[in-house]
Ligand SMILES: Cc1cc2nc3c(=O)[nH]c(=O)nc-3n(C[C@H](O)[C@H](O)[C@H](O)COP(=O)(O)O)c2cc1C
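Before any questions on binding or motion, here is one chain by itself as C-alpha cells, the form predicted alone.
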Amino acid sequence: MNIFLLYFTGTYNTRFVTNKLRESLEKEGCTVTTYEIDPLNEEKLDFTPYDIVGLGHPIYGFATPWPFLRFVRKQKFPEGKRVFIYKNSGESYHENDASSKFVLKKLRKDKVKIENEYHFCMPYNIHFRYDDYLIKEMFSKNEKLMRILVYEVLNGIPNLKPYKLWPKVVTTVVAPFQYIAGDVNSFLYKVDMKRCIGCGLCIKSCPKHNIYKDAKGNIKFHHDCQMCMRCSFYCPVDAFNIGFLDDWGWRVNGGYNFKKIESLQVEKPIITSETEGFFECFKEKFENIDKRYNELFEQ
C-alpha cells in the first residue's frame, strides 16, 4: 500500500512516533511518505496517489494544536479516502479522548472513510519531567499499540468509537482558550541574557518564527506563539521564563535521550495495580493495549 503520514510536532514527540510508524509500515511492505507541517506554509496537498492517509498530532489542552487543525482544514481530502488518526500526550485521561473532535468534523465534511484512531503516551515537555524507566515502559506499550495500529489499518479493521459527552464538552470548552493562550502568554516571556550563550537555537527552531534578536542582541518575542515549548525545553542553558507557566512551576528543560531510554532494561513494571495518583490513569490504558494485543497476536 502507498501511505501518506501528515503530522505536526512541537518538541518532536509526534515526529518520533511518526518515524516509528513509518518503519513499522515499511516492514509490512508499504511505501510511506511523511510530511511535517510547517505552520507558516499553507501548501495544498494532493492525497489522490495514496491508498491511506494518517494524520498525527500532539494533544495540547485536550485538543489538537491550532497549526495542525488550521492546516488540515485548508486541505481537500478525496471523498472515500481511507484516513486514520494517531495522536500522543503525556497522560491518558479520558478528557483527551475527544481531542481530535474538530479534525473528525472536517474529515466527515469531506466524506472520507475514517474508522481508526490511536492514542500513544509520550513524556511531558511541560508540567514535570518523566522518569526514564517510566518512559521505557511507555515505549514498550507503544510498540504493542503500533503493531495493533498497523494490523488494524492495513486489514481494514475499525476501532473508532463515538466520543462520550464529557470529553466532547472538555474539548469544546478548552480548545478556544488553548488556541489563544500562547499569544497572550507570550507577552510575559523573558530570557535571562546573563545566562543566554547566544547560540540562536530558539530562533532557528521556533516553528512560528516568533523569536528574534533586537538591535541590542537581546532575545525578544512576537505574539504568534503556539506554546509548543520547543524554545524553553531545548534551551541548553535553561535561560527561558515562560510566563504564567513558569509561575506555576511547569517549565521542563532538557530533551529526553530516547535512544538511551530504548536500551534500558526494566526489571519490574512501573505501572501496577497498586499505582495511585497522577499515573493511575495509565493502568486502564496499558491494560487495554495488552488486552487488544493478546486478542490479535497471542491467541
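Because the structure is a prediction, the values reported are computed rather than measured. For every residue, the number given is its place in the sequence shown, counted from 1.
If you look for the form predicted in complex with this ligand, you will not find it shown, but the lines that follow are about it.
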Heavy atom contact within 4.5 Å of this ligand in the predicted bound form, the stretch among 27-35, 226-234, 45-53, 261-269: 226-234
4.5 Å heavy atom contact with this ligand in the predicted bound form for all of Gly10, Asn13 and Asn88: yes
Contact residue in the predicted bound form, from Asn116, Asn96, Asn142, Gln75 (heavy atom within 4.5 Å of this ligand): Asn96
Phe84, Tyr124, Phe71, Tyr163 - the one with a heavy atom within 4.5 Å of this ligand in the predicted bound form: Tyr124
This ligand contact in the predicted bound form: Gly61, any heavy atom under 4.5 Å: yes
